Every structure is written in C-alpha cells, then in structure tokens.
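Here you get one chain, nothing else, as structure tokens; it is the form predicted alone.
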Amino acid sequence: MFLQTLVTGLSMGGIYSLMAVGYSLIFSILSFSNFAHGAVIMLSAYIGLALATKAHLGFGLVVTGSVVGAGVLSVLNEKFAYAALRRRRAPSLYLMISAMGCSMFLENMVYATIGSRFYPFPAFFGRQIVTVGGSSLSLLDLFAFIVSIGAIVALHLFITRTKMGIAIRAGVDDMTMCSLMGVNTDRLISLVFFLAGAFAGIAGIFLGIRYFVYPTMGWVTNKAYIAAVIGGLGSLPGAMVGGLILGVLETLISTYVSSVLRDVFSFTVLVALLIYLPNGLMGAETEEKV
C-alpha cells in the first residue's frame, strides 16, 4: 500500500514539477510570476484531446502536437501581453496583472467557444498495472513520473551544455549586459516562453489523461506555484524537488489522514515557507518577489 501511494505521489509530483519549471523559467528571466501559465496548460490539454479524438493520432504524436502548440501559445502570450510592458521597463506587478487578465480571457474564451463540459481523454494506458513487491502500480503513474523527470533532466542539459542555454543563464544574471554582448534578448525571451509552454504541454496531457479536460483545469497550477516556492522561484532543480515533495506529501495526507485536508495542508505549507523560508529550499536571495 505504501509503495503504491509513494508512486502515485511521485507521479503527481512529476506533473507539478513540469508546471513549476515553467513558472521558474519565466520568473528567473523576467522576475514575475506568469499566472497565465495555467491557461496555457488548459489549452494544451484541449489541443491534445483534439489530436487524439479528431485526428486519431497515437500517444507520441499527441504529446508532440500538444508540446509544440503550447509552446507557440506561450510565445504569443508573451508577444501580445508582456512585450510592450517589459520594453517600457514596467514594474513586475504590471506584468503579473497582465498575466492574470490573460488567464481570465483565455479561460472565458474556451467557455464561450467550446463550453464547460468535462471531456475524457482516450484510454491510452487503460487500467494497465505493474506488480512490484505485492503492490499494484499504475502504468500511467510510472510513465508520468519517468517522462516528467526525463524532460526536466533534458532541460537541465540544454541549459548547461548548449550556447542558447548559456545565453539564457547569462540573461538570468544580467539581461542588459547580455544585450550589450550581442544577444537578441527578444528571441531569448521567446525561447524561454516556448520552453515553459512545452513543459505546460506535457503536463496538460498527463492531467487530461488522469482526470478530465475542462476550462478551469488550469487552476491546478496553484499547486505548481506552491511547488516552485518550496523549491525556490527561479531555481529549476528547486522546481523539480518542490514538485516531488508536494506531490508525495499531498498523496500521503490524502491516503492516511483525509483527502479533505490535502489542499489545506498545501496552502499551510506555502504560508509557512513564505514566512520562515521565503527563498525556498534552493532559491537565491532576491530583493523583490511578486
């Protein structure tokens, strides 16, 4: 029973990590919390659902289409909602308000065009289970955890081993100096948003398969934000660690205490961290957090 609970928690934690990485990527380079990230996750799930049910594509192509679609949506979000503000050097608070407006706009656009119904994903994994040590483990849980960790490790290698990754790290340290050294900062920011959107696409697919696809499903990113705060906003390793910690703890609370207290526990952890450890477990010291 404990092993099954642990794997379920790691699976959910992996999904939280994917979403938290998107938050941390954007926060690290623009120093604001992109609350439209949840809407991108929601739209990516609809893209994947359309590819699976209308185009009848397999799981791999569905994930690929959702990743690319979410990446493009995230870039468009930056171009239309944030670019003009950051070029005028608007305070981070203005960017955050714009992000909240984008989130509400996209969510209500889906209500107006698609409706409020709950749509199930095709059963790509069915009810397949793997038996380990007498415990029945869901193949979906195992696959979600492996893919999540693999994607985050691949991102880490990209950022640490490639020229574009080095440019991103330079932009995080000093965007002005990065620009003076000849880096196209607009293109750099677009790349960061595309990467954040790509991770949103993977998370959206697994959330849609695990639950349903519906207009407000993006609000689950509140948990991803908690995970990012636990690990430290702006820290990619912290986002992964924070997501896994939150996923496991929530699952343990739901299983051994009460599912009603799961969300209470999550937000209590958030408040405690903001009071006693505002930079998270692996975050750097900052002068301002929005």
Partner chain sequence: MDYILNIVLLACINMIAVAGLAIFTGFTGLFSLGHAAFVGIGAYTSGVLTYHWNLPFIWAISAGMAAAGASSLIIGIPTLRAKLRSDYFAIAILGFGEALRVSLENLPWTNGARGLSLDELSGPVWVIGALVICLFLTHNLLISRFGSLFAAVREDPVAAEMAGINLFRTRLLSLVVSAALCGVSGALLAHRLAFIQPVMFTLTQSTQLLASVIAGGMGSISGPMIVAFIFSLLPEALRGLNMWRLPAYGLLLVLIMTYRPQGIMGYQELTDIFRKARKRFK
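Numbering follows the first chain given and starts at 1. Keep in mind it's a predicted model, so treat the numbers as computed, not measured.
Not pictured, yet referred to below: the form predicted in complex with the partner chain.
Q: Tell me, please, which stretch of 164-172, 86-94, 149-157, 196-204 lies within 4.5 angstroms of the partner chain in the predicted complex when heavy atoms are compared?
A: Going through the listed ranges, the match is 86-94.
Q: Quick one: is V257 in contact with the partner chain in the predicted complex, heavy atoms, 4.5 Å cut-off?
A: No, V257 is distant from the partner.
Q: Is there a heavy atom of P120 no more than 4.5 Å from a heavy atom of the partner chain in the predicted complex?
A: Because no heavy atom of P120 falls inside 4.5 Å of the partner chain in the predicted complex, the answer is no.
Q: Please run the contact check for N222 against the partner chain in the predicted complex: heavy atoms, 4.5 angstroms, yes or no?
A: Flag for N222 set to yes.
Q: Does Y46 reach the partner chain in the predicted complex, with heavy atoms at most 4.5 Å apart?
A: Close contact is absent here: in the predicted complex, Y46 is far from the partner chain, nothing within 4.5 Å, heavy atoms only.
Q: Every residue in S33, S98 and A112 with a non-hydrogen atom within 4.5 Å of the partner chain in the predicted complex?
A: Yes: S33, S98 and A112 each sit within 4.5 Å of the partner chain in the predicted complex.
Q: Even though the chain is shown alone, can you say which residues of 258-275 have a heavy atom within 4.5 Å of the partner chain in the predicted complex?
A: Heavy-atom contacts to the partner chain in the predicted complex: V260, V264, F267, L270, V271, L274, I275.
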